[in-house]
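Laid out below as structure tokens are two forms of one and the same protein chain, each shown alone and named structure 1 and structure 2.
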Structure 1
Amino acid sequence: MSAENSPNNSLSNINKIETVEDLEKEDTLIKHVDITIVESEKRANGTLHVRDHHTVYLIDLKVTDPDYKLVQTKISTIWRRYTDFENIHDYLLQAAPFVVIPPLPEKRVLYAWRKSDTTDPEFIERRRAGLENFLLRVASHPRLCFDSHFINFLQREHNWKDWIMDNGYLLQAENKLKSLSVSIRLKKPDPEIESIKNYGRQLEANLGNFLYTRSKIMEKNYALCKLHANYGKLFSEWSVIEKEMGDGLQKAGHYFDSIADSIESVAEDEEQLADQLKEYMFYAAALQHVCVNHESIQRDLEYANEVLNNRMAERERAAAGKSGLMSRLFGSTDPDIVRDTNTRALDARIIEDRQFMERRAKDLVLYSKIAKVEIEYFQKQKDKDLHESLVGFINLQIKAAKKNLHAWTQIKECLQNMP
């Protein structure tokens, strides 16, 4: 696919998409290929320091459509570091500013309920799953999936980001992120964009609070369940000195051990659900990014309008021959030839200013149109995914509670059946 069809040029190419339904009908890469990250591997950075290493992830790409010609080979595998994923993610942020870009998984451990770091095998496995999910999200998005650089990322070993580097996209992305971090003050903010941005902030805060609360509860539940192993040991030792009650005490001890052991699988399942919620916490930041991009264009438009008004006022003064400070103080006028030269130069700049303002106005209208569809697309996806994640979280708690209730019921029967 050529660069002309990449998202960076898509403001002019995808105007035909009017609704979310139109977007969902578009072809996507995931309909033609399977993408998985099959394994991770720790590699040394070439130094003698024991801890100086990094993790790489093996992307496996298989073409499922025999007639598909976009990818170079039917099967390809390639290793990528997390920083490579960051590069393609940052490129997409710059290339498609109107899209709620799928987020990467956490770079460092967030909302942990027990001590953990990025070298833990469990964390690396969860990151592997999160990176795979990122690829699937991008490959499923009609406006992102056919980007030539994303496809090169999936297939080319070394030169996939050369074009991005040569054209300064990553530097542009870095500079833009820095500029967008500064609060934008608009004269007339768009109420709808303001509402969406505030919603993104609230969603991010609510999910963060949920994950924090969950981590604290999980920490206490884990410790509590593990304490039941003490009951198991106690009843097992007790059974040794009891002749008639020995079997009942021994069985009860086993059920206490099962309560202690059951928390491991619950914790593992909860981590997967927590990662799903973290994804949408990061998605909330991406939603705000789309809004800030809109504000940036609007800020340019307001500034262009201000420049034009100032230029037109300057032109009026020049036409009267009073463009200088001394002439304004003493009322003198410039010679006709000077006045004509100044006004002609200002007329040319006014035309340029007006053309620039008209272009930015069109950009804002088009950006608003495309972003609105993208935000609706995201909201629809978010409602479905968060609903499933929250229901799954509750079902997991119910399942764990039922399992423990069953163990306590068995303990009760063991004690009741003793002679």
Structure 2
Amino acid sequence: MSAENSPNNSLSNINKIETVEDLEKEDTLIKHVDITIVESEKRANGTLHVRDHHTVYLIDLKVTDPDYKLVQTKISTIWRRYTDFENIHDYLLQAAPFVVIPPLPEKRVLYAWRKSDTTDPEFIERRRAGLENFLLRVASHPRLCFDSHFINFLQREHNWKDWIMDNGYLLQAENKLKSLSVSIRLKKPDPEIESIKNYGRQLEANLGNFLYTRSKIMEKNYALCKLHANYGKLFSEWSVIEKEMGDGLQKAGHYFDSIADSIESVAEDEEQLADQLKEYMFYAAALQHVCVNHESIQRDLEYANEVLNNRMAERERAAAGKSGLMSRLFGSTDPDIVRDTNTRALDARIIEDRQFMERRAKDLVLYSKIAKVEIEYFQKQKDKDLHESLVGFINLQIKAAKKNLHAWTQIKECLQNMP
């Protein structure tokens, strides 16, 4: 399955890569080109409806290595929309099922703490950053980055959609998705794969919980900080009617206003961190994908095994002359020669089945090997990235707390200096 439609050379190098270190030393696209998504634009849909717009993003490709030949031109730009990204992502899912494919940014707004939808300029900006991140991640993965379809995605203007549909990958992807949603029961599930799948599930759930609670905190904190603006207004109005307290009240009022304003930048920064965590939530789903692919290969193998066993049993029965309904009712009825032909036919089938099964078994072993390397690669990256994100989150909280503390200390001082 994995060897059948590998249109590029990197996937055939799979045997060379044995360990994570090998993977890390491989050449990647990102070492030779710079990929950025520079801007976004609104385009009208085909319909005449005034409201039907979609957003396109400008991918900018700059070749930094002067000798690099793989990429077609030196600098190229191309407009793509989110659906195009989805297409290439689904293709990768299907073309390299043993790789943990980098996820796209969210399709719908998740864990929103204020009313927003996908047409918000802020959301579009975050999506732009997310898509750029997606491209960078794919370009840094040694197995994915040299895929011809991916490179065409970055460069080919015309008929890209038709080309990618021509490969029929879409159909295959749809079938894949359907089969993945069915839970696979194995006779002897691989414990390591099982544990990794569970880990992925738990990670997804934990990240989801974290993101949910964070959004609730942000919502309430935001409302609370905006409340301080009311204080500011109250104090400044009050300072007008007071004689001695007036000065202190007015100064304090200014600090209240500053508290109300400070939350905006904190909210923005935290949203970026949340995006990083969302990425890993989707990554966890991709990890589970890889495990499920493994399971489906294993199921194929077990199925092949079963077929073989059935066939062998059938052959035994044929040899003993017991095949068919008649023989079960009346005992052995076939003459010897019929028995022999049957047996020989079944023997041939058995050999076929055995070969088929051995191929499957080899597939599984190969897949296992590659997948495990990929998973380990992913884990290392994930640990590093998530740790960084969490530390960033803590730092952000510290910054926010410091701001608040500073403002309130000043307020306290103003109040104390009142007569």
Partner chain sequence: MASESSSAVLDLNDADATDTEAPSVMDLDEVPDGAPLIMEHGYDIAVKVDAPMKQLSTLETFVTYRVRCVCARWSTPPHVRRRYNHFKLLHKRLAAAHPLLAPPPLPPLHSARQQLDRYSPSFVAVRCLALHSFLDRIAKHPILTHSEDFRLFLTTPDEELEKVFKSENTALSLWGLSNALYGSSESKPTNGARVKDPEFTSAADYLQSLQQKLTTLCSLTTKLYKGSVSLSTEYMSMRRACDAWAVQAGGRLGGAAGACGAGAGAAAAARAAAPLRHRAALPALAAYAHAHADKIRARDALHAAYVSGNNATDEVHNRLEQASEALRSELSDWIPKTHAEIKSLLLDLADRQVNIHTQTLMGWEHALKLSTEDPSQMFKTVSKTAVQNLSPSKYRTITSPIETENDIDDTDNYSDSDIQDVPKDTDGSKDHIQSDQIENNANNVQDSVQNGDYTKSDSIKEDSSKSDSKFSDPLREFSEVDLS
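Since we're looking at a predicted model, the values are computed, not measured. Residue numbering: structure 1 sequence, from 1. Throughout, rigid core stands for the largest set of C-alpha atoms superposing within 1.5 Å between the two forms.
The second of the two standalone chains is derived from the form predicted in complex with its partner chain. For Met245, a C-alpha deviation of 2 angstroms or more is recorded between structures 1 and 2 after rigid-core alignment.
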